[in-house]
Every structure is written in C-alpha cells, then in structure tokens.
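Listed next as structure tokens is one chain, alone, in the form predicted alone.
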Amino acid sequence: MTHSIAKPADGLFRCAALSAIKHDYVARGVMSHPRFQLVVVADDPQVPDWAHERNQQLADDFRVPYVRDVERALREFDVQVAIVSSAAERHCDLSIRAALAGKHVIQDKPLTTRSSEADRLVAAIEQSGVKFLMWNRNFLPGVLEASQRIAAGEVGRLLSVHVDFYFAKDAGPTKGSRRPGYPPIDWLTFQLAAHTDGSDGAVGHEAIGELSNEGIYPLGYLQMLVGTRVQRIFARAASHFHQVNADNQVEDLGSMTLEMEGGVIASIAIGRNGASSHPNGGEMKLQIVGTAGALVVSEGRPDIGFYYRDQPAREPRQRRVAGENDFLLAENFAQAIDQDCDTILDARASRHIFATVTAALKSSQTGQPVDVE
C-alpha cells in the first residue's frame, strides 16, 4: 500500500521519535535544524519498563507526548518524518512500518542484524516513495573537505584509502579479568548498567561487535569519497580488549581490506580500545592516495585542549569545535525531500554497507576473502 506524501505548507517537518533507548542524540541532532520539529515520542506497548522510561525522558525534555502505540502516533500527530533509534534488532521493523505509513525515515545505525530485514526495508522505502537517511559522520569538517578536494581532482585518480577508526571508550572489565567459574557477562544487562556514564554500545538482546556497530562510519566515508561499491573483502576480527565482548563472542578489534569497483584498494582498522588510550575519543584518521597527491585527514579536528585542576576522569580533554555534522545531515535530508533526490546515505547505500559488514564477519570466521553480495 502506498501513501500520498504531502510536503508541509509551512516548510516545517513534524517528527516522531520512534524509540530513543540508546541514541537519543539522533533525534536531538535532527532538532538542531530549524525545519524539524519533534511533536511526539512513540514506542510499542510491550517494550520493557526501562525502554519506556528512556522514551519518556526524551518526551519530557522536548515537552511532547509519549505515546505507547507507534501506528497511532504516526497517524494522529500529522507526522512527516520518523526518527528510529531503538535496539538494533528493531531498527528495520520500525523503519519499515514508518515507511509503509508514508513517513520519511531517519535511522540510527546499524541498519539491521538480519539480511532479510535489510531487503524488506529497501523494498518498503522504494515502494512508498519516501526518503531514507542512515545517520552518519560524513559531514564532519575534515571528511567534507577531503571529499571536496577529491571531487576537484586535486589528488588525481584515487588509488587507495586507509581509515583508522578507534573509539577510546571503555566496555567494562578488561579481557581476562573474570575469574574462572564466574558466569559470562550478560550483554543487555551490561549495556543498561553502562548507560549511566555513556560507555554502553549496541543496546539490545543481540550482542553486536564493532564491525557491525561502528563499521558504518568508515564504510560511509568510503561510500562518499570513492563513490563506488566494495566488491571483495578480507577481514580479521578478535575480542581483544573487553571481557563483555569475549563472553558474548563479538569483536572489539578488527581490520578489513577491500577491493572496490574501479580498482581502488581500501583498508580499515577499527576497534573499541578503552578510554585511557586517547584523549579525544579515539584515533580516527583517513589517509588518501591518488595519482597526483595525497591527503591525511584527522577526523576529530579542529579541536581544542581543555585542562584544569581536579578535572573529572571521564571528562574529555580534547573537544571538537566547528563541527556542524548534525545540522548538515538534517539539511541534506530536507533537500532530498524538497528536491526529490538521494540522501548522503540512502537505503540502498546502507544495504550495501550492511552486506559489506556481513562479508567481513564471514571472512574473519573463515580466513578467506569473501565477495560482497
């Protein structure tokens, strides 16, 4: 069933946040743009109490209703945009329901945990004629500058791209710290407890490693900078740093070598390696080589150092400035609706990133290169 998609007469997009149990920063980021207005938070009635509590907190912060009925919220609040930020295993379900109701969709990462759901989402988006944006980091100043210089031909024909993407975040006890005989750490229980200090990762019943959870960011860079798709991949992955990852058999460290259409070779080193490893959230750097030159991009810059006596241990010392990524993503989404064009990371591009991660996980398990389907 398709729906007619009306553009708001006043230029404002009325938004529903469909679950905000982990990354309410997606909804908050969208609201940094003056054309987007949060009018309701909604979720299914059967979600657990802790999920209702987090949803209610976002609703209270924006002084909007919290409705425990997704379809009713989409129907009764004159919504044009759904912002999905649930547990990862529910991402596609909520996005598909919103799309089939004729709502444009902004979704948190990862796309999904199942290939069948990814295919259903692409079909729903294209059947309904709505726009889709996977939240990403492609409009950070350094990445955007690199894209513009590549497009201007300043490095010539691209030959290779390497991305370091290490999150300097803790994830509980270090690997090897659990005594023999102790029960494994439950993934969801750990994530809920870690939420208070912001060190939680992928909240949900399904454990998700860093290739799945954060791989969208460096792969999103490649999607924009290279402009072609990954054909073949060889990957390695390990539970190297954190006991919760080891207990749940998901990686916190990985590497990928990618053969891309057009002959570009790319590589990615990715991991969650602890807060003490870096003063600025992690080492995130791009090295781009072409026939006429090279670019080295520090993803976190520009930044400033901020230090004082008795500074709390978890307070960041290096702080990013001049970053308008959230606003620019929302602007890109608004332009896609206004001009009927693609977003910076649409459903099909997101589906390809999911397929790339799936191939990487298979390669890391088999020790063999894998074609990306």
Partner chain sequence: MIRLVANGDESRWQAVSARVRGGSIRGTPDLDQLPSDSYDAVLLNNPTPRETESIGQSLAQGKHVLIASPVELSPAGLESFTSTAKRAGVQFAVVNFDRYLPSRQLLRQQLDAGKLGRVGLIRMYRWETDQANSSAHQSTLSARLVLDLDLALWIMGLAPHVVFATEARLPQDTGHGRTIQVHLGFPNGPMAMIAYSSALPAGDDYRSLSVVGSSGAAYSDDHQNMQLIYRGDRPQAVRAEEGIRQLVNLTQDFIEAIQTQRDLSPSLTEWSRLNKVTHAVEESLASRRAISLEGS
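Residue numbers count along the first chain shown, from 1. Note that this is a predicted model, so its numbers are computed, not measured.
A second form of this protein, the form predicted in complex with its partner chain, is not displayed here; the remarks below concern that form.
Task: Contact test, all of Val163, Thr257 and Ala294, partner its partner chain in the model of the complex, heavy atom 4.5 Å - done: The answer is yes; Val163, Thr257 and Ala294 each reach its partner chain.
- [ ] Identify, from the list Arg120, His195, Arg301, Arg114, the residue with a heavy atom within 4.5 Å of its partner chain in the model of the complex.
- [x] Only one option qualifies, and that one is Arg301.
Open item on the list: Going by heavy atom distances of 4.5 angstroms or less, which of Arg232, Arg137, Arg229, Arg178 would be at the interface with its partner chain in the model of the complex?
Closed with: Filtering the options by heavy-atom distance leaves Arg232.
Task: Partner-proximal stretch of 105 to 113, 237 to 245, 181 to 189, 80 to 88 relative to its partner chain in the model of the complex, 4.5 angstroms, heavy atom - done: Selected range: 237 to 245.
Open item on the list: So, Val289 and its partner chain: in the model of the complex, are they within 4.5 Å at any heavy atom pair?
Closed with: Yes.
Open item on the list: Glu154 versus its partner chain, in the model of the complex: is there a non-hydrogen atom within 4.5 Å?
Closed with: Result yes; Glu154 sits at the interface with its partner chain in the model of the complex.
Open item on the list: Glu126 versus its partner chain, in the model of the complex: is there a non-hydrogen atom within 4.5 Å?
Closed with: Residue-level check for Glu126: no, no contact with its partner chain.
Open item on the list: Given that its partner chain is not shown alongside this chain, does His205 nevertheless sit within 4.5 Å of it in the model of the complex, heavy atom to heavy atom?
Closed with: No, no contact at 4.5 Å.
TODO: Taking its partner chain as it sits in the model of the complex, which residues of 350 to 373 have a non-hydrogen atom within 4.5 Å of it? Please list them.
DONE: In sequence order, Gly367, Gln368, Pro369 come within 4.5 Å of the partner.
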